[in-house]
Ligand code: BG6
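Only one chain is included here, represented as structure tokens and corresponding to the form predicted on its own.
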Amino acid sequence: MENDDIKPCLGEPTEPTNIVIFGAGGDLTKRKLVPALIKMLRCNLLHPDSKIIGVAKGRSKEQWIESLHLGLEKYAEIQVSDQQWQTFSNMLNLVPGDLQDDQTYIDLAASLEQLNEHTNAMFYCAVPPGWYTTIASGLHKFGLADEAEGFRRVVIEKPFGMDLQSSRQLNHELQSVLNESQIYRIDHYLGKESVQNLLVYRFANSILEPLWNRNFIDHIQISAAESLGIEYRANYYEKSGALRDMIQSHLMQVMTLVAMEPPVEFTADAVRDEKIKVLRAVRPFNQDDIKQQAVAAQYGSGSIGDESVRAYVAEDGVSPESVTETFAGVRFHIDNWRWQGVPFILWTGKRLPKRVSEIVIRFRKPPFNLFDTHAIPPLANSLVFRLHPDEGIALRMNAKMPGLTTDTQRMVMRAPYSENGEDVSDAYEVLIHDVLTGDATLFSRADEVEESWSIIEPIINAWKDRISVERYRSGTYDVSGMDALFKDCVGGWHQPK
């Protein structure tokens, strides 16, 4: 990289590593992995002596590199000069082959042996989950997972199974050929700077922790709203739906960070031990109560801004009779000393008015209100963590209106995480760097994955035989059942504007 383009390293330096990407010709590689690796190289978070080896079939090395360059121009949010691209492309190599063919792993082993000055290796599975076991078995069979001379770490993307049984089977198959410490189950949501900052807000500030309990908090909302539809993901989404796609993974992971007790130290196992305690304290869902505790809906036609959009059932690859939910909301209760009686309401949806992710901490009302006779009574205080976009926090309080009155108005104190957004790293930069340095704090452990599936399995079973689903108009929050989900919650449903 040109000297002017190298920024000071703000993270732990990494060792030279052979980064192997299975599915190197796919969208994930083009859209996320390559831009992240280039930015890491520019910021000294990727050692310049590292090598990047793609595994893909049906193309030459030159064709592959050209497709990555075109993808970078199309998808990346960074400007890359010709010199920067040349430096990066010199790190690239391709091993063509089929993932089911032993010869592919033999060729990969030979390619890595030629780079014998670098013994560390990270294997990134940018492929559908059905290939994870095949890849892990191939790595094991040909000695590529052997850590005798350097680390070997395997990264897999969600979904980690589609239910409890399949998640257990996947974990068993992976652990039969890899050590659990070698498996990095990536959740890009936890790589967001603002999600990581949640732990700092909680445990590095004495002002928050005394209030972080059932005595002061009425309820907590964790949301991920999207204005986009399913785009090109119909094949996956028809099998998944919003509950599996977002709540079981991303949002429940965030819930554990919000609800966990302070760990004894900031290490991977200490943090994940506290997270699993939260999941084990979640109250099991009773089949009779699921209708009151879980909401499913599907977007119909409507408009987002000035654009008319079609219904989910009219999307390419979706059955006209589909009852897959594109909106899901679930009310959780954590039965422990800190959170007894405090609902955690997680919701997510597509084709909503705005793309925004938030954690809303809604506090209890004051025990006695001096101003309840006024035309506009004071509203409940809220602490809002904005995860995306415009990352930061906002504290919503009541203040007197100017003039000769004691009427109140909402005052919002905002603290942006970054003034211009330039210092906010992409989630994949953070997580790939963590893999290279061996920090598994933000990655899911096998027991976490299985516990989260066991929690929502009663909802999956209750929904699997449904013959219809509620509809909501695209571009609105007109979702039937959400008001009931927020019954007795101060302030009701917070709908991001």
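Residue positions are given as counts along the sequence shown, with the first one as 1. Not measured: the values here are computed from a predicted model.
Quick note: we don't show the form predicted together with the named molecule, though the next part is all about it.
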Review point. Of Tyr189, Phe88, Tyr184, Trp339, which residue is found within 4.5 angstroms of the named molecule in the predicted bound form when only non-hydrogen atoms are counted?
Key: Tyr189
Exercise for review: Could you check which residue among Lys350, Arg386, Arg152, Arg272 gets a heavy atom within 4.5 Å of the named molecule in the predicted bound form?
Suggested key: Lys350
Check your understanding: With the partner removed from view, which of 350 to 358, 306 to 314, 275 to 283, 205 to 213 is the stretch that lies within 4.5 Å of the named molecule in the predicted bound form, judged by heavy atom distances?
Key -> 350 to 358
Exercise for review: Verify the flagged residues Arg59, Lys61 and Tyr105 against the named molecule in the predicted bound form: is each one within 4.5 Å by a non-hydrogen atom?
Suggested key: no
Point to revise | Touches the named molecule in the predicted bound form: Ala259 (any heavy atom, 4.5 Å) | key: no
Exercise for review: Although the named molecule is absent from this view, report whether Arg414 comes within 4.5 Å of it in the predicted bound form, heavy atoms only.
Suggested key: no
Review point. So, in the predicted bound form, is Arg233 in contact with the named molecule at a 4.5 angstroms heavy atom limit?
Key: yes
Check your understanding: Does at least one non-hydrogen atom of Asp218 fall within 4.5 angstroms of the named molecule in the predicted bound form?
Key -> no
Exercise for review: Output the sequence-ordered list of residues from 157 to 172 with at least one heavy atom within 4.5 Å of the named molecule in the predicted bound form.
Suggested key: Lys158
